[in-house]
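Let's start with one chain on its own, the form predicted on its own, as structure tokens.
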Amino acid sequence: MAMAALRREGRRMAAPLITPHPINPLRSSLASSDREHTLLGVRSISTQVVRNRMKSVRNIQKITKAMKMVAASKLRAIQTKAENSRGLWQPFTALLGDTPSVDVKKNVIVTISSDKGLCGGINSTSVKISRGLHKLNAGPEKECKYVILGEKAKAQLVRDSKKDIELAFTELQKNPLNYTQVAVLADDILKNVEYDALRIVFNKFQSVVAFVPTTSTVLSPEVVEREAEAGGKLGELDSYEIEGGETKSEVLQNLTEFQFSCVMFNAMLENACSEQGARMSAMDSSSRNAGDMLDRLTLTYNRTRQASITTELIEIISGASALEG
């Protein structure tokens, strides 16, 4: 019955070819041949395009899966360092406190970001918070500058705040981070900028799928001494005895420099952990999306191929029916 239905369909399609008007046989054969090649070309191109697209999507899926595995390996190595580094800055927070609401004239915003992309929105979040801090601390009698660590934050802030960028450092994570490297970087920043408060913006690592935008504040020795004299939490500094020949201002100078390097070290490690965790999540989502797209393309390819086979069968049966008739 199926063959009979195909023959009937073939006769129906072949019927319009019989016309009462005379037709040039050569022109008719050329036209039918061109039409046949055109139809075959369209069918073969459509399936070829889908096949090439499937190959591209499959290759992209392999790349995203490999990037996810690499990010997981780097995360395990950095996470241990980040957890151990938290013990460096916590004593300073207990001693000197963290006062983000302090009102000073010279503010320096240290924005920490990554050098590479494909890691979600961690860099955009840091830049957004940095711009908010700049807007909050800028004024006619105030000065607010940027110190940028990372290529992605630099690329975003240079668009609208180029004149406010004091220093920019990139490619800091080519080698594994260590305290010596960060201490040299912190010393370079302190030598080249004038500040009353350093506001460090970074992403604090919580888990593979969660990070918290965080701001840490490091005050200059003069502001620390002024706040200590004014009372409050910093007023407890006067209860400590200073041993040796150093004065109170010299001790505060050393403390603030060491505090800044420790906070910077922890902030860079926390941000690196957040970067790798966000990259793992982004690559996992990309791999799943590539799989879904591959399923849809496979369905499209099978439908196109089946339609091509069906059309060819109809043409064969139509030709056989025409010869029998």
Partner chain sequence: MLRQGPRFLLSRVSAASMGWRRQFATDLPAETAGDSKFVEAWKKVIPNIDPPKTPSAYMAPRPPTPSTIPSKLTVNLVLPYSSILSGKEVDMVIVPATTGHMGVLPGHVATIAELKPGILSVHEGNDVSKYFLSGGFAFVHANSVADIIAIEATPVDQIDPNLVQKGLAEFQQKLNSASTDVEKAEAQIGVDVHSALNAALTG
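Numbering follows the first chain given and starts at 1. Given the structure is predicted, the values throughout are model-derived calculations rather than measurements.
Here the subject shifts to the form predicted together with its partner chain, a form of this protein not shown in this document.
- Of the candidate stretches 247 to 255, 110 to 118, 163 to 171, 150 to 158, only 247 to 255 has residues whose heavy atoms lie within 4.5 Å of its partner chain in the predicted bound form.
- In the predicted bound form, at least one heavy atom of Leu136 sits within 4.5 Å of its partner chain.
- In the predicted bound form, its partner chain lies farther than 4.5 Å from every heavy atom of Ser220.
- The closest heavy atom approach of Glu141 to its partner chain in the predicted bound form falls outside 4.5 Å.
- Contact annotation for Arg288: at least one heavy atom lies within 4.5 Å of its partner chain in the predicted bound form.
- Only one of the listed residues (Leu190, Ile129, Ile122, Ala228) places a non-hydrogen atom within 4.5 angstroms of its partner chain in the predicted bound form, and that residue is Ile129.
- In sequence order, Ala72, Leu75, Arg76, Gln79, Glu83, Asn84, Ser85, Arg86, Gly87, Leu88, Trp89, Gln90, Pro91, Phe92, Thr93, Ala94, Leu95, Asp98 are the residues of 72 to 98 having a heavy atom within 4.5 Å of its partner chain in the predicted bound form; the partner itself is omitted from this view.
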